[in-house]
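One chain comes next, on its own, written as structure tokens: the form predicted alone.
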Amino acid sequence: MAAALALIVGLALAGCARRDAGPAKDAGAPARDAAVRVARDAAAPAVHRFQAQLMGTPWALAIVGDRGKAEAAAKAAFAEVARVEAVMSEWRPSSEVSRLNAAGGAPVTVSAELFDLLQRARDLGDRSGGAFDVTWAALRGVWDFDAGRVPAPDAVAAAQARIDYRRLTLDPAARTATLPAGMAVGLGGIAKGYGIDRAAAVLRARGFTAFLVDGGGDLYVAGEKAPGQPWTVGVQHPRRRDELMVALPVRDAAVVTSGDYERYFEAGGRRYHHIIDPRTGMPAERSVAVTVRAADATFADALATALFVMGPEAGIALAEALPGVDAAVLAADGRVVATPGLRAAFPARWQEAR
């Protein structure tokens, strides 16, 4: 830990965590076990922390600078996240997403920001071969991880037949979205990242250049915690909850994770977890956890889910083809497959990491 100031974020590598399952990290998910500790001495720049409950999960801000200005900026940032939630939460009947889901196949005029987010989601669906699919919400209620019950195969098949992001039609000229009746959009795998980016934009607009935005364990980090000292993000070991696997120095980037152990149950010697492959309706089997570092949290949020579903080889191949992206996939057999930017940071096998 640096003498002047240190921040360690223990990221529980998790995905969608509402009561119902989906292949994406839910924007209304309960908190991952993200432990944020800020330590400083008298010589360090002042770091001010603020907390709020938004999108169903705890949010935290760490802002370097004047206390009064930081407090006002934090209030504005949290208000912006609340606004995003009101637009994009499928859990709110009045949201734009809920209106789209209830339209019964009719075109719905949506805001420019929701249209753009749906377009980004569709683009990643194309890039990932459907591993990321915002129409996963047809599966809501089929899986119950609290009850620990495996759904009947015909129930999974019936829901999975109503999942296909390519059937979401976007008309740029009219700025409308159309979803066939019986299908549903769920932005759990991308909206929280968008909220993080919006909060960061508010802080920047208020003149802050050094801060951290933590949305339930998904992060955006700006600047340095002190001159010459980067923020440090610790990635939790996927099976040893009290241990960090790696510590990554981060500046002006997002770090987002997905993993198989926040919501799961075991039956018949098999682990059933909440990150569902939308192409099968069943829990993805190729990965244990994924860490993504990217320029913005919106993309990192969605990409972490996509890579988890794709698995190590295909996932890292996609990450390497994307500019400004680094990723590490912890495979089911214990291997760690990573892009060059993270290869040296992660152990070769997560099962042996200390």
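If you superpose the two forms and keep the largest set of C-alpha atoms that fall within 1.5 Å, you have the rigid core. Because the structure is a prediction, the values reported are computed rather than measured. Start at 1 with the first residue shown and count on from there.
The same protein has a further form, the form predicted together with a small molecule, not shown here; the description that follows concerns it.
Figure note: of the listed segments 228-236, 196-204, 255-263, 112-120, the one touching the small molecule in the model of the complex, with heavy atoms no more than 4.5 Å away, is 255-263. The small molecule is not drawn, but in the model of the complex it has no heavy atom within 4.5 Å of Ala177.
Proximity of Ala73 to the small molecule in the model of the complex falls outside the 4.5 Å heavy atom cutoff. In the model of the complex, at least one heavy atom of Asp218 sits within 4.5 Å of a heavy atom of the small molecule. When contacts are judged by a 4.5 Å heavy atom cut-off, Trp143 does not count as touching the small molecule in the model of the complex. Only one of Ala131, Val81, Ala184, Leu248 lies close to the small molecule in the model of the complex, with a heavy atom inside 4.5 Å, and it is Ala131.
Proximity to the small molecule in the model of the complex, defined as a heavy atom within 4.5 Å, singles out one entry of Ile276, Val97, Leu212, Ala77, which is Ile276.
A movement of the C-alpha atom of Phe115 falling short of 2 angstroms is seen between the shown form and the other one when the two forms are aligned on their rigid core.
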